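A lone chain, given as structure tokens: the form predicted on its own.
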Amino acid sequence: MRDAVAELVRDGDTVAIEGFTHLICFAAGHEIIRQRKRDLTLCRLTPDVIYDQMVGAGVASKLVFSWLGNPGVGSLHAIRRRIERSDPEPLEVEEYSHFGMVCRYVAGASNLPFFPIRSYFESDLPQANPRIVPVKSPFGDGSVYAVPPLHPDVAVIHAQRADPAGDTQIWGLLGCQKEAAFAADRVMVVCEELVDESVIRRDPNRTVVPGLIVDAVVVEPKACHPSYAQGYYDRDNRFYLEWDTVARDPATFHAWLREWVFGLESHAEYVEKLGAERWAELAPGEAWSDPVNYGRYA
């Protein structure tokens, strides 16, 4: 992780750490903080606690997003301090709907100059964001809104497994990992486990990101905590509740960073520090998918 972040993430970059509800790579965000990257533009559907930590740590100057909050709990207090009070410095924000962000990634991945979208009709977002632009249909059937393509310099995708070539498989709830990866200039895949190519070939429909667009594969078990990886560990709801108290006060926020990010050399130390008892509480149990018969091929 240290080497991948050092090589792929550069000051001033646009960075997308995607994953919807699960497979949110906190470990990559922590390493970016630990390496004191600066002036990043952070992009994400539903920026939650990891972006609160990164913004509060000072790595970002801009946030491009759709809805933000501590899911199921409330506000992201470090981000709010910077937006509402410029504390300790201003944060530029650019807001879209969920679908608007997805369409931006799709436009970036497809090398399109814009993507048309109807769902901003009667929304106030076009007034708040001048980059959401009304355009007339060339086919004479009214107007739609256009959003610009999004081309992250770096996309960070977490997955259950990948092979050494970067062929990446995900199961469970999907977000826009594929679109973000294809839209990005550089792609870092973080996985729970590294598997042989033969494992990938046995179940090819689970392959979301092909290795031909991947620049680095990082094997980092439990890298999503307090988020979860379907089938590997559950969401740590206790952490999200506790974060609301931690993040409200800048002093407790920075004390947490000193203890859990700057005070550790790696995510492996984070995992050990959290403790075996806490991880045992997050054990997911079993719920196996049925196998399928792909049949023979020549």
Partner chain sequence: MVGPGQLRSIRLTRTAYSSSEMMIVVSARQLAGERVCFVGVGPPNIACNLAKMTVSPDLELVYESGVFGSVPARLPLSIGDPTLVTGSVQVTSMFELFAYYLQGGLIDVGFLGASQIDRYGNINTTVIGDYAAPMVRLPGSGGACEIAINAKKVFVIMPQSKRSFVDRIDFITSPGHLGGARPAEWGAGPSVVVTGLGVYRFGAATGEMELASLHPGVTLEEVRDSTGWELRVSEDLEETAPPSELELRLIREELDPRGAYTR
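Residue numbers count along the first chain shown, from 1. Computed from a prediction, not measured in an experiment: that's the story for all the values here.
Separately, the form predicted in complex with the partner chain exists; it is not shown, and the next lines address it.
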I'd like to know if Thr41 sits close to the partner chain in the predicted complex, meaning any non-hydrogen atom pair within 4.5 angstroms. no
So, in the predicted complex, is Leu194 in contact with the partner chain at a 4.5 angstroms heavy atom limit? no
Should Trp279 be classed as touching the partner chain in the predicted complex when contacts are defined as heavy atoms within 4.5 Å? no
Given that the partner chain is not shown alongside this chain, does Leu45 nevertheless sit within 4.5 Å of it in the predicted complex, heavy atom to heavy atom? yes
So, Pro88, Val187 and Leu264: all three within 4.5 Å of the partner chain in the predicted complex by heavy atoms, or not? no
Could you list the residues in 173-188 that come within 4.5 Å of the partner chain in the predicted complex, counting only heavy atoms and keeping sequence order? Leu173, Leu174, Gly175, Lys178, Glu179, Phe182
